[in-house]
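A single chain comes next, written as structure tokens; it is the form predicted on its own.
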């Protein structure tokens, strides 16, 4: 019996459900109460179970249900932002598509930095304290929360003023300033390639690429410089949406090289390594150099642009292939080969 695809109703659930249906697999939606109406509009789940919170997946009733359905649970960004990742590693019995041990490396800034450095991937400089800021720096909070509370500071005094202002506005909660991560701000174009490492095929695939539309850092360009100064705006980087990006073909070799280095390092440091989708979040500077400032060890929301495939997936497949369908295709192939353990943890 083919496995059922299970997912939490948010982030990229619609394309994951659609991809599973395209591959002829049953679907199970774990839906936060109050969101059921949205998912009924698209009618992509064979069964919907309502829960009060993301943490409900750790409950015995949900785990029993998933095991009874022989479900493979597909993780996305909502799971990472929720925390409790060690509980997910140790207490969650059902099969997870991908490597459940990579998620804490994505959440924890020090682990994330270590993995990128040991992969030999070029990264921006990190600052251990805001007192070290000596030029443009981006200040970040931990976890996968779509850029909430991020801001740019150019000096220690600038940092102090801006973090106070953001706390007053409620964009950063009190106490969170102790968890910040400060990184050199590289001037360039944001580039978010969507990779897929196929354990079944033994190959790295580029499925698409996007850049993000972030408020208010992008929207501020619609205001004149004079008005920006008078309004004393502190721009932040909360993600509102995503825009498709097709790269210069000459950049693709570097994009693949960085992805392969990451796959190799993850296999050494976080066995069994990368399985399925991941993203290296990059800046390309004016010399064409790529700096990776983040990674996501699972499907990213930018893939929602390509529910009917992207220019890159079209080069690999002769049918529409979104990331959600690529996940389902991999699970289905592994199941048919009797090797589901190759793609799940």
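Numbering follows the first chain given and starts at 1. For the two forms, the rigid core is made up of the largest set of C-alpha atoms that agree within 1.5 Å on superposition. Source: prediction; values computed, not measured.
Separately, the form predicted in complex with a small molecule exists; it is not shown, and the next lines address it.
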Given 206 to 214, 97 to 105, 264 to 272, 245 to 253, the stretch touching the small molecule in the predicted bound form at heavy atoms within 4.5 Å is 206 to 214
Exactly one of 183, 198, 155, 81 comes within 4.5 Å of the small molecule in the predicted bound form through a heavy atom, and that residue is 183
**Q.** Within 4.5 Å of the small molecule in the predicted bound form, all of 124, 150 and 283 (non-hydrogen atom)
**A.** yes
My question is simply whether residue 76 lines the interface with the small molecule in the predicted bound form - judged by any non-hydrogen atom within 4.5 Å. no
Wondering, does residue 293 line up within 4.5 Å of the small molecule in the predicted bound form on heavy atoms? yes
*asked:* Under a 4.5 Å heavy atom criterion, is residue 111 part of the interface with the small molecule in the predicted bound form?
replied: no
**Exercise: residue 167 in contact with the small molecule in the predicted bound form, heavy atom 4.5 Å** = no
Large Cα move at residue 127 between the shown form and the other one, threshold 2 Å, rigid core:
yes
